[in-house]
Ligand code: ADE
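Shown below, as structure tokens, is a lone chain in the form predicted on its own; questions about how it binds or moves come after it.
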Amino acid sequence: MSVTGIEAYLRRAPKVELHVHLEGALRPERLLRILRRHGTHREYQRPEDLAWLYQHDDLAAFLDHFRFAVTQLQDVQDVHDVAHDLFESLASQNVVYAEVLFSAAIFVRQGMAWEELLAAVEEAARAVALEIKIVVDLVRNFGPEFAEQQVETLARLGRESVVGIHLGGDEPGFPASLFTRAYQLAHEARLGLAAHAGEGVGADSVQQALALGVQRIGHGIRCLESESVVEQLLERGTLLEVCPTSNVQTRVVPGLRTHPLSELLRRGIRVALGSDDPSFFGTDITREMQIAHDVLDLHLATLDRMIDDAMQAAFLPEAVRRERLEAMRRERAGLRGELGL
């Protein structure tokens, strides 16, 4: 199997991405244009002047950088432009379906309207003819009461583009157990349930996320610190959205070669790859697949299975998931034949 053929396959194969933050796609060039548009932070004249925002000593430093960059988005047009950049990148990688994490709460608290924010993201997806669904990150830093308000608003709006909720942000400062009612409301509204856990905090964080009734966990890699938590993941079939480059750059794990992805798979835990915050970590879903193959020695069949598992865990009706899965498998078979793999 040629290296060139493998690279072509990974680049062209149909993909599903479930863990990519819209705001995490804010590129330095786009951020500079936004600063110029609003006449702010004139000390930054070139994209290189913003390089410090994309270099992180640990998870706390990344969150500080992320917070600074994202709060420079001052209107709905800014959000649309960042979304459009992300969706163009996804389309260029043959991502056939994506559920994009959208921290709309950040912008709502700045005075932007929910309806306008969601419409801007929807329009950006239409512009690149890509099927995108939105999973709203409740942003745990804003507290449980605001999370409940967000879910109530989403239920009232009933946007077809919004298929679920997630819970990102300060994991140790705002544990998942605080958000039980928000998740009950989301379940009643028939929204898919997911939460970040087992990234900045250990297996207890994963346990708390499972107690919320989530179907998917963002990161979750520290579940391996508890055998009982691993057993629960296996019993429930909970999928982990694993982002290797992110975990290394935030120092959650020391290096790619020691990343626990292979061990998670060996234990039988369902896994989907994600790019997390692609601009801040200099990656994308294709690169994550290449790393899994080249550095972690995962076979193409394993990478294909993770893509299949991502589709099967998507917050879509079962019949739709099944139809998309069959279409991806047909496309992969044709591509393998073309490339001689």
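One-based numbering along the sequence shown. For clarity, every value in this text was computed on a predicted model and none was experimentally measured.
Absent from the display: the form predicted together with this ligand. The rest refers to it.
Within 4.5 Å of any heavy atom of this ligand in the model of the complex lies no heavy atom of E288. Residue contact with this ligand in the model of the complex: G169 places a heavy atom within 4.5 Å of it. Mapping the unseen interface onto this chain, H21 counts among the residues with a heavy atom inside 4.5 Å of this ligand in the model of the complex.
In the model of the complex, no heavy atom of Q150 sits within 4.5 Å of this ligand. For a residue to qualify, one of its non-hydrogen atoms must sit within 4.5 Å of this ligand in the model of the complex; none of K15, Y97 and R216 qualifies. You can rule out all but one of 57 to 65, 291 to 299, 308 to 316, 28 to 36: in the model of the complex, only 57 to 65 has residues with a heavy atom within 4.5 Å of this ligand. Along 258 to 277, a non-hydrogen atom within 4.5 Å of this ligand in the model of the complex is carried by D276, D277, in order along the sequence.
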